[in-house]
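Next comes just one chain, in structure tokens: the form predicted on its own.
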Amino acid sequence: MQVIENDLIKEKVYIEKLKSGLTVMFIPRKGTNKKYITFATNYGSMDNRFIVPGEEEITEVPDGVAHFLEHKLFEQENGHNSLDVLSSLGVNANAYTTNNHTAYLYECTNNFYEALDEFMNYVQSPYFTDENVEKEKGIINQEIGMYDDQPDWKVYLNALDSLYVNNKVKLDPAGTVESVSKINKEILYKCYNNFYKLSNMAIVVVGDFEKEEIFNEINKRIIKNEDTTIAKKVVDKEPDKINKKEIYEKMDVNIPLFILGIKDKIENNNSLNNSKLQIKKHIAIDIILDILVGNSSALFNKLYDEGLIFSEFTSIYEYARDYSHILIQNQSFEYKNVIKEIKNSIEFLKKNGINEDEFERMKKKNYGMYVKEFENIADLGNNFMESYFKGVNPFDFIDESQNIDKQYVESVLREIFIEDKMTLSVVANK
């Protein structure tokens, strides 16, 4: 059993790879009543092209299969819906699909092991029929339509489309009405059988448990799965250039929404080779974004005082093994002027450097933010699951945020915040 711990925040994680191939991570929380578990597979919405073990040809499935699987696993052969069963036990259960992984989860104070019986059974026991697949298509199409009507979602997807030429990260995880119509039970079983193998999955548990007990309880609920060969994902080569400089969408909004996107080079993502370097870059970008458009930044206050913006910026750095980008979002009637001001501020920082006092202040702020992420058990569990599939250790954020220096942050600013890699996505009124 591997133990990872951080002395600064007094946290530790026990990690064990079971004989079945399943990786289990346990984060002890003595004295807490809440318990949280997430069970996930390293299979997400991007993974629609793969090579099945023993085959040479590429298998391509419709967009939205990973999300469809997430919906269908709750329905069991005995006629029960596992989500209803878990709810009847008083646990708060859910699931979600990202670009990279699909996760099933629940949080509770009581009946944890009773819920664990149902939880681990339905994730390992798919039941698809022609009838229940067709029925689900209507439900998912309603969900697609609902999201298509949301300006925030549309401006986000369009931003990704403007950044990427080939990478599937720009696809809606739910797919389209057309792609969903092509999904059948054979496709679902094929994707499930190739990616829902325990050697491709992980469990994270957070709560007041004895470590030997929780590992044993999970292990005895494993359904025998000796095949550990995983389908090889096929990723289209992504060029360094952006796809589109600007993209506009007309929707019913009071104030235009915009996202300034910045594309990072995929080879700059060092998580495959050096997880600490990847985290160090992540911290640097968080600091830059706070200095640039944070609610205490000179630019934010200037734009707000002049009436060019009416709320705080939302800024985020998103990355995985196959993509890496920065998104800066807000609303403004004068969005072109706002974008111009942001770009001018970037060039000013590049030319004049980052103020030492401001750097130290933002460094401390981000350290506090990283520490706070360990307070909520659900956030903690999800964070460790996401980081596991990215190949990084969340504890490293605590250590690296203490050690990062201004010179490195300025080098990241010069390397990534480049005009040629910037795009603009706008959703404005019809």
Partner chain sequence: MKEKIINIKKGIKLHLINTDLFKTDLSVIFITIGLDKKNITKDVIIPEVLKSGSKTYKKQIDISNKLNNLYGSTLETGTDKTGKNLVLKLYTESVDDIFLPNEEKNLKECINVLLDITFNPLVKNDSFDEKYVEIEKERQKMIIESEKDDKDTYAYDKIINIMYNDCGYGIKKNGYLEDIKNINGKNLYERYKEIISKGKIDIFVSGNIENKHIEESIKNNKLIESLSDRDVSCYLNDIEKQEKEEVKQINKIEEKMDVTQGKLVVGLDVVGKTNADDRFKILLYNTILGDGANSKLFRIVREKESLAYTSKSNYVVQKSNIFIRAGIEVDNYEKTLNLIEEQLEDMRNGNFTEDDIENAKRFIYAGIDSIKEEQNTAIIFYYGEEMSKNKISIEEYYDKIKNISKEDIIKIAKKVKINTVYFLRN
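Positions refer to the first chain, counted from 1. Remember, it's a predicted structure, so these values are computed and weren't measured experimentally.
Although not depicted, the form predicted in complex with the partner chain is the subject of the following passage.
Participant: Could you tell me which one of 76, 193, 176, 109 places a heavy atom within 4.5 Å of the partner chain in the predicted complex?
Facilitator: Result of the distance check: 109.
Participant: Counting non-hydrogen atoms within 4.5 angstroms of the partner chain in the predicted complex, say which of 296, 275, 216, 355 makes the cut.
Facilitator: Of the candidates 296, 275, 216, 355, 296 is the one lying within 4.5 Å of the partner chain in the predicted complex.
Participant: Among 347 to 355, 112 to 120, 280 to 288, 80 to 88, which stretch has residues whose heavy atoms lie within 4.5 Å of the partner chain in the predicted complex?
Facilitator: Looking at the other structure, the answer is 80 to 88.
Participant: With a 4.5 Å heavy atom cut-off, would you call residue 11 a contact of the partner chain in the predicted complex?
Facilitator: Close contact exists here: in the predicted complex, residue 11 approaches the partner chain to within 4.5 Å, heavy atoms only.
Participant: Give a yes or no for residue 29: in the predicted complex, does one of its heavy atoms lie within 4.5 Å of a heavy atom belonging to the partner chain?
Facilitator: Contact check for residue 29: yes, within 4.5 Å of the partner chain in the predicted complex.
Participant: Would residue 333 count as a contact of the partner chain in the predicted complex, using a 4.5 angstroms cut-off between non-hydrogen atoms?
Facilitator: Contact check for residue 333: yes, within 4.5 Å of the partner chain in the predicted complex.
Participant: Considering only heavy atoms, tell me if residue 149 and the partner chain come within 4.5 Å of each other in the predicted complex.
Facilitator: Answer yes; at least one heavy atom of residue 149 falls within 4.5 Å of the partner chain in the predicted complex.
Participant: Quick one: name the residues from 394 to 427 with any non-hydrogen atom within 4.5 angstroms of the partner chain in the predicted complex.
Facilitator: The stretch 394 to 427, when checked against the partner chain in the predicted complex, contributes only 402 at the 4.5 Å heavy-atom cut-off.
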